[in-house]
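Encoded as structure tokens, the following chain is the form predicted alone, with no partner shown.
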Amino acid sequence: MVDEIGMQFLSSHGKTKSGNDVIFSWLARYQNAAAAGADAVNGTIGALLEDNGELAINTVVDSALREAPPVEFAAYAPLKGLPPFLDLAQTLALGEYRQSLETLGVNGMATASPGGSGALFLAASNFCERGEAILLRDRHWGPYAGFLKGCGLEMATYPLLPSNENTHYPMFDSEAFSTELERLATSQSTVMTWLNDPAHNPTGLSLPSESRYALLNLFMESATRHEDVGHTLLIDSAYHLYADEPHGWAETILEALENGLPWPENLLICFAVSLSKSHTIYGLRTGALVCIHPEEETLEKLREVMGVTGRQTWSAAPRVAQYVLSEMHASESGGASWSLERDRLANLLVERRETFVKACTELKVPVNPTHDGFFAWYECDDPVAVAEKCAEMHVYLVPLRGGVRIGLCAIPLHQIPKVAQALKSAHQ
């Protein structure tokens, strides 16, 4: 342990940064077991692997990157991002519903960021007053806490799933959400909620349309009642292009407007877009924050604010993937080829998930509802004990608050039954 006397150069908030990333520590345990010759299962990481254990790479994207002009690798991007990429980011967020939303007067803007994490930082640093709380589900991606703490923000939560007595909407505790939303709206000058949907990390849960609509309606009603309180609904869409309804939120927003729900002036809806998973370019750190609102004056101010924030934090986001992907998707053949390869990778996840759920059902292992994306979830009171029990069978998973994350994205199909067996052993 470093002597505190010798650490005067660290600020008080710097000294609070400690500990090791739980995901990478359990990955290291898997790697050590595999190196020792064990038939080990890697359910730790959040990257998609082929069934042979190699990193899955969309070959269409890879080929396009290798053909990019040298200047696109070497040059800076504009501070807010390349304009064609910013247009692409809006389309990736809204899909086929973008034009209909624009017809109804809801327009968008985007700011390029270093991955989806950069988009989350843009939101955390600008849409909530320091000292206030952001509303999250109680099961969420662990680094959220670090983003919030780094921006001087607190955390408020509501349950991931409703109790048996509260089943008005599938997989959405509307009463708990409404109660917590009202508490924040009456005690803060801003309200923001982050919702990783569809294909939630760490559970793989996706909200159905009626639950999306209920949540949006509650948020709109709150903004209408508290007109002096800024309301920001942020959809973390890191995994959405692997979901059955990749643009379900855009569809729900359109449905609400077509049903006559008014868009309050103090409501902003954002999408944190990541191309890491959808285009298998994790290390190129390419993403965007997409914001939609009916007022162009509001969007123009957001362009300025987000551009300045990026400039003061990371300068400009990396250029080459912005260029390559906007060119690729502008081509009908390029976009179609990418989509076919994306579908192949998505089918790996579908087959693994179906096999996992079937095996757990047969073994009576009570895993949580899981629908899309990279992960599944085992809820439990002592996640470390469960993970340790699984590790005895050389199945390495990630213990998090409230449960254990199963990285289906990394587990070869033939090893999936072994994961269910390990959870069965831990469950007994």
Ligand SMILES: Cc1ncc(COP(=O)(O)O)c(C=O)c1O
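Being a predicted model, the structure only gives us computed values, none of them experimental. In case it trips you up, residue 1 is the first one in the sequence shown, and so on.
Omitted from view is the form predicted together with this ligand, to which the following refers.
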Taking the shortest heavy atom distance, is Gly81 within 4.5 Å of this ligand in the predicted bound form? no
Tyr144 versus this ligand, in the predicted bound form: is there a non-hydrogen atom within 4.5 Å? yes
Applying a 4.5 Å heavy atom distance criterion, does Ser117 contact this ligand in the predicted bound form? yes
Quick one: does Tyr239 come within 4.5 Å of this ligand in the predicted bound form, counting heavy atoms only? yes
Out of Thr111, Gln322, Ser274, Thr203, which one falls within 4.5 Å of this ligand in the predicted bound form, going by heavy atoms? Ser274
Considering non-hydrogen atoms and a 4.5 Å limit, which listed residue (Arg352, Arg139, His293, Arg285) is close to this ligand in the predicted bound form? Arg285
Based on heavy atom distances of at most 4.5 Å to this ligand in the predicted bound form, which listed stretch, 293-301, 89-97, 194-202, 69-77, is the contact stretch? 194-202
